[in-house]
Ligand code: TRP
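As a starting point, one isolated chain is supplied in structure tokens, in the form predicted alone.
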């Protein structure tokens, strides 16, 4: 079986959390040995929210540290920082020349941003899907691990890549599709009773990989539940099902069955469930927390990893840009 070319990035907006890890990064560890993988820290994407320069640098470092602590191997994959690759903004510019205003304004994430932050509707937000496309097709990716909220962006990546091929009559870019190890794209639920685990709903909605045991216990004690079942075998409400879903991932099957049985018989005590789940999360994340602590102190390792990643990513990107420039008509005299 031929290897897929896989590309995935994460914005450096703070620490990675349990949702990032269980939803994606642990799969990245498997992918890196089975496919040709490019994993990057998307610091260009952070510029749409105008981060403080010192914060941006520290956040990039933290994500790099946590990627390594989770098991990404810079020898097995290409792990790089997006801003180390000037080929990406060049391809982004080329693709923007064929992106239509109307199609960009119809993107669901842009419409949501326009509604929630009307004082910061910048061009970067509008053309965000184009930059995502450049990230993906710069390495001619065939598969992209994405959540359901990013499926529209992936569809647009196919659109923009195909449009470039068609306009310049060159088959440069393959069509990228969603990739995951299961039958459905994975979504890890948050602690506030809503959808996925995401910092957009506040730090209390996520369990960060570096959260101390005390912080995890405090967050879990405040996790949203309900008033409890009033009739036997009542289906769990969404907030309670969220906790059961997380328990499936970090707890034993026996413990999950125990609490599901208590719920079905109207005998469940949510305080006990949340305490048990907190301790399982603490035990699950302890090896990663210890590795994070060790790697954070190793500046030489981080410099080496960033340099290796930059060089490996540039080799792929340079080849793609060479083909694009020749197709467009940019040629040396």
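Just so it is clear, the structure is predicted and the values come from calculations on it, not from any experiment. Numbering follows the first chain given and starts at 1.
Note that the form predicted together with tryptophan (TRP) isn't included here; everything after this is about it.
Heavy atoms of residue 207 never reach within 4.5 Å of tryptophan (TRP) in the predicted bound form, leaving it off the interface. For residue 312, no non-hydrogen atom is located within 4.5 Å of tryptophan (TRP) in the predicted bound form, even though that partner is not displayed. In the predicted bound form, tryptophan (TRP) sits within 4.5 Å of a heavy atom of residue 45. When tryptophan (TRP) is considered in the predicted bound form, residue 9 lines it closely, a heavy atom lying within 4.5 Å. Across the proposed site, 40, 132 and 144 without exception bring a heavy atom within 4.5 Å of tryptophan (TRP) in the predicted bound form. A heavy atom within 4.5 Å of tryptophan (TRP) in the predicted bound form is found for one listed residue only; from 92, 128, 244, 177, this is 128. Checking 87, 150, 225, 198 for any heavy atom within 4.5 Å of tryptophan (TRP) in the predicted bound form turns up a single hit: 150.
With tryptophan (TRP) omitted here, the record of contacts in the predicted bound form names 134-142 of 134-142, 251-259, 161-169, 235-243, defined by a heavy atom within 4.5 Å.
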